[in-house]
Ligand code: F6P
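As a starting point, one isolated chain is supplied in structure tokens, in the form predicted on its own.
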Amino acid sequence: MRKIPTGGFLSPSKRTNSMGVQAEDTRICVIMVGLPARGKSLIAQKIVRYLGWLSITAKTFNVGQYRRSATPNPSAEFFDTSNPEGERLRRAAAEAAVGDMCKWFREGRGLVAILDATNSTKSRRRWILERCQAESIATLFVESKCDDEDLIMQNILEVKTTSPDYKGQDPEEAARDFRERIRNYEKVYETIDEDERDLTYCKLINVGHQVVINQIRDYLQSRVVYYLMNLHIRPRSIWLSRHGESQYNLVGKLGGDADLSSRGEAYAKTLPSLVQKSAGDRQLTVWTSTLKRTIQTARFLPFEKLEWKALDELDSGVCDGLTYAEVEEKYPEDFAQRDEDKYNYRYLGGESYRDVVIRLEPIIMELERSENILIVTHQAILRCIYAYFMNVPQERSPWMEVPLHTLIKLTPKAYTTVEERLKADIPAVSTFREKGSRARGNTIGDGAKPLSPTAQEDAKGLGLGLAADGKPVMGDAKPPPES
């Protein structure tokens, strides 16, 4: 493999990850603290996703999952502190979770573990601290404290429909039982206070309206705390869309700043009704890149619009304006290297997917602070944003198909992220190329349909050949003879 000073593979040191954190010197246990229905599991899930997105290996150890192996559907009485059997089983679950976490660290399998449980008493927190100290694991306690009744009720309503504890149960009965469970915890709950000022902690009060931090000691702890300071756990959704089909899409060219095709224009005009169908009467804020095709796509939306340079498409460097066939012809070694490790491969004079993730971090922070956002951007950018919310592995994210003329709605929940897709009834070429596929001779089509007469005129105007069936032919492939 040749070495390329401006392109080729990014090769982080074996001793550090992409953020420059030394693996052998960094082991942190994030200990969640809080009453039920305070968003702890959602916060834990978000921390793991965020760190994984940044190439920092993290894992959640959810004590409830350990407890469910012995007691899958407990009633509220199980959580009453006067119930000795319930207390014994809950302690056993905590010990099993902490034991597995320590083993995970000893085996060198990650840098950050999240212990997801109520950890509601000082004695329980002190026990966890001592176990971690014995293993030379740094600790960061994260308490989610909330007295906003509306928010608590929203979380209760979500838990009764998504928690494994209430699977198959009547929703109203589940809600009543869960409220009783909360009352049992409230009897013994002790917030982190001055008596525990030796702890490293971050206290989130009423969904981040107030944040208290104490004794933050290293870079990775501060990184997690910075992320937590930007979180809110109010219910919300995010909408994502690629720009409409562009003139470059028609000819299979990479990058550029092309205008929309006629079908891309049609999608731009249809997008407002698609958004209204998905978002109802909510007032959204629209974020676009600074490139013409996203701005043109968003121009009919009746919302405030913001342009972000960080949302511009992945920079393809010297390959900008080329087709994949031309890239394969001019830079065959690079074409093969990119197929081998697309996430880390950097275009000559351009970017890799890893580079894009780094520049998108401020976008993710702003998304976590905000509500009701619609992003109109590009394929590689949407792959990275989608991978963050859906926890898609790095090696798979650059190969995801993100079709044109499709609106994606993502709704984060405590245990998952719910995805919905709305496809406009407007054909578009496919810009998706599978891993290992040849660039030459590919046709860019829209299923079984040929291009419309108007789109065919667009294609001919750009010098693109058309096959006998009306589909455009990419690169130097020739249309088959008519039979």
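Numbers for residues come from their place in the sequence shown, where the first is 1. Just so it is clear, the structure is predicted and the values come from calculations on it, not from any experiment.
Below, we refer to the form predicted together with ligand F6P, which is not included among the displayed structures.
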| query | finding |
| --- | --- |
| Ser261, heavy atom within 4.5 angstroms of ligand F6P in the predicted bound form | no |
| 4.5 Å heavy atom contact, Gly255 to ligand F6P in the predicted bound form | yes |
| Contact flag, Val275 vs ligand F6P in the predicted bound form, heavy atom cut 4.5 Å | no |
| Non-hydrogen atom contact Ala380 with ligand F6P in the predicted bound form at 4.5 angstroms | yes |
| Contact segment among 372 to 380, 282 to 290, 357 to 365, 193 to 201, judged by heavy atoms lying within 4.5 Å of ligand F6P in the predicted bound form | 372 to 380 |
| Contact residue in the predicted bound form, chosen from Lys409, Lys342, Arg223, Arg125 - any heavy atom within 4.5 Å of ligand F6P | Lys342 |
| Of Trp308, Tyr227, Phe389, Tyr353, the one that lies within 4.5 Å of ligand F6P in the predicted bound form (heavy atoms) | Tyr353 |
| All of Thr26, Gly110 and Gln133 with a heavy atom within 4.5 Å of ligand F6P in the predicted bound form | no |
